[in-house]
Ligand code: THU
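As a starting point, one isolated chain is supplied in structure tokens, in the form predicted on its own.
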């Protein structure tokens, strides 16, 4: 048996005010995107903003459905919209934020596992790490340099090799 330990680095900022201006702008766009959320069941509204290498910013929000598997997370809405509208432009960064009707979201909001895998796909497509900025309504903000920190053993093309 061999034991392997994975470690990763990320930055923690006490508030969005400490972020570099481009990260703060993107997080603000993610917070604005929350207004497009449709979350009548969870009451948890998520917004995401994707910044492309060409400077365009694409937003997305979570869209729930009474048949829960039919809904879609904000991150995938934004990433898929960006990929559909700019298929040859790499994603440079993504910011995610949330609010709740029931409590204050004062912790960074990480993407779910499915969204992590979807974001990894675009890192692999362009061989380009995506900067991830995670915030809530208030409080600390986490910044990661690439999805390897959030999904170290991502499914990749080697899993499809025969």
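Numbering follows the first chain given and starts at 1. Here the structure is a predicted model, which is why all the values come from computation and not from measurement.
The form predicted together with tetrahydrodeoxyuridine is left out here; the points below concern that form.
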Counting only non-hydrogen atoms, which stretch in 126-134, 27-35, 105-113, 49-57 is within 4.5 Å of tetrahydrodeoxyuridine in the predicted complex?
-> 105-113
Report yes if any heavy atom of residue 62 sits within 4.5 Å of a heavy atom of tetrahydrodeoxyuridine in the predicted complex; otherwise report no.
-> yes
Is there a non-hydrogen atom of residue 100 within 4.5 angstroms of a non-hydrogen atom of tetrahydrodeoxyuridine in the predicted complex?
-> no
Answer yes if any heavy atom of residue 82 is within 4.5 Å of a heavy atom of tetrahydrodeoxyuridine in the predicted complex; otherwise answer no.
-> no
Find out whether any non-hydrogen atom of residue 73 is located within 4.5 angstroms of tetrahydrodeoxyuridine in the predicted complex, and reply yes or no.
-> yes
Taking tetrahydrodeoxyuridine in the predicted complex, which residues along 32-51 bring a heavy atom to within 4.5 Å of it?
-> 42, 44, 46
